[in-house]
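Given next, in structure tokens, is a single chain: the form predicted alone.
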Amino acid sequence: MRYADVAKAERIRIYDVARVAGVSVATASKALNDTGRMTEATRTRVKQTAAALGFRPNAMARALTKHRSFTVGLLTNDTYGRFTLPVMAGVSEALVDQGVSVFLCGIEDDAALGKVHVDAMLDKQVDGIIATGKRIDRRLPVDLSGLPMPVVYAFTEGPEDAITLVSDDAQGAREAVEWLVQAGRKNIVHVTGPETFVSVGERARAFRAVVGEAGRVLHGPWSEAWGHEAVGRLWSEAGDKPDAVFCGNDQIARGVVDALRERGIVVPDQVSVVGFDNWEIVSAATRPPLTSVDMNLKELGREAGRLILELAEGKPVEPGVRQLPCKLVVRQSCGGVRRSSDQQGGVLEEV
């Protein structure tokens, strides 16, 4: 039977795969599940046949065989999706080739709603839960301890004995400020968000570790308006003006760039500006396009997906906080020349 003839069937079954591949149903099943003893050529032939036929394993039968649901829940209170969407994209990439589906539940900051979604995940018997949010120093308003499935925390605070993934804010900030120093900037100011955020403190400490303890840090809201206001404050003061501004997020940086333009100050010729987050709808639309620190949230999601799979398969995973490196994405707003990441020991991307 030709592939095309079989493909016309209403549903491709494992019996069809076995017949076309010239093996028994048992051998076909073992080949597709990477179990049993057979030659590598046979296993490859069966898999290629299945792919050509468009064979899709019956999810329920596979779940019964493996004692798994092949679904993972993603809980978040980031209803805007600024941080959750790239994390989810990474999770999905890590799981799709394993035949695992992801479903997203937005719980806002509502504990009762969180419990409803967790109960639904328990009913579905998900293989695991990935908890994510909008800041690394706040827990979701729902208790995930003592659940009968593994939990991984990504870009949100988890219990001390949990597996928690966060971006390395200090490393990202250090990369940005070192770039500005290498570009010849002497008077760098850090305009950032509220002091109550752990990430703000980590970035500010990294900033001062490069420029010195006298380095000036201005705190305010996470907004363009604050960036605009900070420039007004700095340029109204007597004395030398900054020749670089390192910002705590891209919204602040955009406000800084706009305020500098209004004063006739050319970015980056007179003042370099660097943001944090690499939120492309802001950084790419800024004029000039904004250099920014990318927190690699998609990679963080991939790692969360990989770990939840290992836990679902019963593999041991050491608990603790894991920091993933950030990446400096260089655009026109900072000036300077491209450097080698090998020389500086960091991660760099130029666009």
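These numbers were taken from a predicted model, which means no experiment stands behind them. Residue numbers run from 1 along the displayed sequence.
Only in words, not in the display: the form predicted in complex with another copy of the chain, which the text now covers.
- The three residues 104, 113 and 285 all sit with a heavy atom within 4.5 Å of another copy of the chain in the model of the complex.
- Residue 251 belongs to the set of residues with a heavy atom inside 4.5 Å of another copy of the chain in the model of the complex.
- Not displayed here, another copy of the chain is approached by residue 124 to within 4.5 Å at the level of heavy atoms in the model of the complex.
- Another copy of the chain in the model of the complex is approached by residue 228, whose closest heavy atom lies within 4.5 angstroms of it.
- Among residues of the shown chain, residue 266 is not one whose heavy atoms approach another copy of the chain to within 4.5 Å in the model of the complex.
- For the options 94, 200, 88, 189, the residue carrying a heavy atom within 4.5 angstroms of another copy of the chain in the model of the complex is 88.
- The contact residue chosen from 243, 137, 258, 178 relative to another copy of the chain in the model of the complex is 258, the criterion being a non-hydrogen atom within 4.5 angstroms.
- The stretch among 77 to 85, 178 to 186, 205 to 213, 164 to 172 whose residues place heavy atoms within 4.5 Å of another copy of the chain in the model of the complex is 77 to 85.
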